[in-house]
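Heads up, what comes next is one protein chain in two forms, each shown on its own as structure tokens, labelled structure 1 and structure 2.
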Structure 1
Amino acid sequence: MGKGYGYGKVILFNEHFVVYGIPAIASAIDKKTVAIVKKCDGEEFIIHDNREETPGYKKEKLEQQKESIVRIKKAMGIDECIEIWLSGDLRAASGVGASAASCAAIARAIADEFGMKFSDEEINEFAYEGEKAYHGNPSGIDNTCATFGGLVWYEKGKKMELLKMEKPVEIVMGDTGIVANTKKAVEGVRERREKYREKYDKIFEEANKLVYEAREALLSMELERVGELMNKNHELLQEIEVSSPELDFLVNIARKAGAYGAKMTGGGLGGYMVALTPGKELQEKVAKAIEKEGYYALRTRIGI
């Protein structure tokens, strides 16, 4: 029996822009997906997905999940049938890196079951192969966070850089409950960017400038500035039309409750938003405000 894990993640700056080579910052969160893999008799694989979920998520993603397992097995050179069990404390939902966490966990569990030794870099590549089933042409930021953990500075096609914050900081992630299609969100940006090239170039330029400031602010623990930049980043994401009324609603609830900043996170069009809430007290206040509106709130930390 083989076992593996992958971290959930939160993108703090520049989802979508990262697909075009602009740097992004993301952090693993202290929630994981765990995979158990066992050789079995039969065709390609059997999957038991025991993860908690946002209602409808697993059904909606089932075909992509199956394709992703086929891709991971192929990349790892595994022909035998495998039985897979997924569990862990990362709730399966859009915007929290659930697909990438499961891909990294499955790749690690397969390696463990077949007694294969792979570096984290290699596991990351297998997870990236699996992610293609969910995203089409992923930037690689999600599988990188899922595999390595930590606070990550990511530029597509380059080696990721781990950033070190002085200490972890509390965040709240609010789930709209909407299962979103990342592939569709990414394609939408591509189409609109082609159509409104000049407008989009300006927005992309701002995103590029902003992320360098955000890096400095995070490293020097200027958390109020980090919050302001998250708000600004949310505006840019609204401009490229990947936010949604539900995301905007939760972002406003979090800001009103005192969050230093808040934005959508991940693919958008549903899924999660994130609020920066240093200290347990503020975190609780913001989480409660989100829950009072009937939404699920995840209390976690960045920079762990």
Structure 2
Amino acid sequence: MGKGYGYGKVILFNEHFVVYGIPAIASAIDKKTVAIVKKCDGEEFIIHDNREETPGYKKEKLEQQKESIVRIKKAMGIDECIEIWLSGDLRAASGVGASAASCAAIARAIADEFGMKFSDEEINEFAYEGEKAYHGNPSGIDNTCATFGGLVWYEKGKKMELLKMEKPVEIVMGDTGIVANTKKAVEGVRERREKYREKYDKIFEEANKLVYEAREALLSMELERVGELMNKNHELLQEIEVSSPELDFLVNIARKAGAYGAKMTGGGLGGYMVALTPGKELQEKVAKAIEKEGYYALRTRIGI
């Protein structure tokens, strides 16, 4: 049997703005999806998805998942039937790169089972092909984090840059429990930007300036500054109407509990938020504050 893995991810700065050529920063987290693959008798594939999930996530994404497996197999030149088991400690949910983690894991497991030697760059390409089933025209951030780990600087149309933090830093990700529709969120921004062009141009300009400051702060480990910039980035995302009452509520809970900064992450309109909580003690305090309100809190790290 072949085995493979893919990391989850968190977008730290500029989701949505990245679609319009403004840089974004994302990081892999220390939670993974694990795939096991073996050859089987049949036509295409059999899937056993044993990942923990936000209720309804796997059912809602099932058809996209099937299409992604077909795409990955085709890209890898595999015609035989395969049986796939998915597990790991990354909860299947919106906003944490769950689909990309599974695509990278499946591609690695197929390569292992069939004795195929691929570089991480090639695995990343196969994962990107699988991601098209979920996101139509994905940015490539999620699959790059899933495949390589680490911190990613992404600018549309340019080669991604892998950044290196001095050491991993603790974060908390709070799940609203809402399975979000990224395509709908992206389309909404496009429509509003066309309608209110002047207003949106100013917001986009701020997002562009902010991300360069965030890059410097992350690389020099000025974590209090990183937190301030995360708070500001959340305000900009609120202004383009991709947050939600649930996300705003969790962001406020995290800040009150002492997080250096907190914001929505991913497509928005549900899914996850992220709080910067350096040190196990602060991480636990913020996670418990979120759990006290009845929400799921993921304790993890960035810059792994």
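Heads up, when I say rigid core I mean the largest set of C-alphas that superpose within 1.5 Å between the two forms. Everything numeric in this text was worked out from a predicted model, so none of it was measured. Here, a residue number simply tells you its place in the sequence of structure 1, counted from 1.
Original post:
With each form of the chain shown alone, which structure should be assigned as the form predicted in complex with (R)-mevalonate?
Top reply: Answer to the question: structure 1 is the form predicted in complex with (R)-mevalonate, whereas structure 2 comes from elsewhere.
Subject >> Displaced residue check between structures 1 and 2: residue 296, CA, 2 Å or over, core reference >> reply: For residue 296, whose C-alpha is compared between structures 1 and 2 after core superposition, the shift is less than 2 Å.
**OP:** Spell out whether the Cα of residue 159 moves at least 2 Å between structures 1 and 2 when the two forms are superposed on their rigid core.
**Re:** Shift at residue 159: 2 Å or more after core fit.
Original post:
With both forms put on the same core, how far apart in Å are the CA positions of residue 21 between structures 1 and 2?
Top reply: Superposing on the rigid core gives a C-alpha shift of 2.5 Å for residue 21.
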